[in-house]
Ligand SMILES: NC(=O)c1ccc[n+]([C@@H]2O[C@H](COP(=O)([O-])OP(=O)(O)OC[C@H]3O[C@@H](n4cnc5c(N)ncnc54)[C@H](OP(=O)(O)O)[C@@H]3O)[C@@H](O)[C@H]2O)c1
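There is one chain below, alone, in structure tokens, taken in the form predicted alone.
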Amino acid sequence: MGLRVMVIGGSGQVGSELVRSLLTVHGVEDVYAPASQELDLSLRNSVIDAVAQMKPDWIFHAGAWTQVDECEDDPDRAFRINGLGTRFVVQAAEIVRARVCYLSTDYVFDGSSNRPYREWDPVGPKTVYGASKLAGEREVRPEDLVVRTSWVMGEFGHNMAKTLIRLAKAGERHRFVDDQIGTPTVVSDLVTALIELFSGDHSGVFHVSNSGQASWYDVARHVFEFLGEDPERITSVSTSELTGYKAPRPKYSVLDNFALRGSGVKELPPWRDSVAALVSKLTGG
């Protein structure tokens, strides 16, 4: 592919996988993932200069401040990075005539639905993080992509899959919430869809998550079972029993990949299959 691709947030879970996939699977030779000191999302000139220097055709914008509880303590920083930073990315893309894919989140919804959220459902974030990511969505142009995803886990960075592997080896009992319902999304599946959407010149808002739904309790038991550990070591707890969280977690944030299906893009596999494959890879299985 004779493309120049910039990946903002290239050291994160999704960005790292994107870079690897573009280079090794899709044969893109010119991929640039600027470090934070090269592209500071909170500084307009930093963003515009970095983009102008490369002149990419595509910009995958996976950079964000994702510490949900910390965002509650510093909303200005959250909006500066996630909202205003996205404005700067889009302005820079306009200058060099690049298209943007902005990675967003299930946290833009209020979590009160009784069915999976479609792309056109009303948003109503209950957290600073969700509100700041929604601010970023509103900066994106009609010709660009907004991809909302949820409960991300992959080979890079810290995530629940790695935590569960560690806990399984520890040989103790552990508690996980059973009243927060969402969908785990394995990064390799997400990245495949992101690249297909960009390659197919799609635009607009898409929900991209693995299929099915679960609580964190369900996910933990599934991983323990896959590893041959006793799932009864996992016990359930309600969200109301947990302490130490400043930001409310959505009770229900399952995403309906309606636009993906309707646009002829291959849907992601069931979460159980993909999480098992990820755990196998992480454990050398």
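Residue numbers run from 1 along the displayed sequence. Just so we're clear, the structure is a prediction, and the values are computed from it rather than from any experiment.
From this point on, the text means the form predicted together with this ligand, which you will not see here.
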* Given that the partner is absent here, state which listed stretch (195-203, 113-121, 161-169, 128-136) has heavy atoms within 4.5 Å of this ligand in the predicted complex. => 128-136
* **this ligand contact in the predicted complex: residue 42, any heavy atom under 4.5 Å** => yes
* Asked: Would residue 11 count as a contact of this ligand in the predicted complex, using a 4.5 angstroms cut-off between non-hydrogen atoms?
  -> yes
* Asked: With a 4.5 Å heavy atom cut-off, would you call residue 103 a contact of this ligand in the predicted complex?
  -> yes
* Asked: Should residue 151 be counted as a contact of this ligand in the predicted complex, where contact means heavy atoms within 4.5 Å?
  -> yes
* Position in contact with this ligand when the complex is considered in the predicted complex, options 223, 62, 31, 260, heavy atoms within 4.5 Å -> 62
* Contacting member of 66, 236, 239, 53, with respect to this ligand in the predicted complex [4.5 Å, heavy atom] -> 66
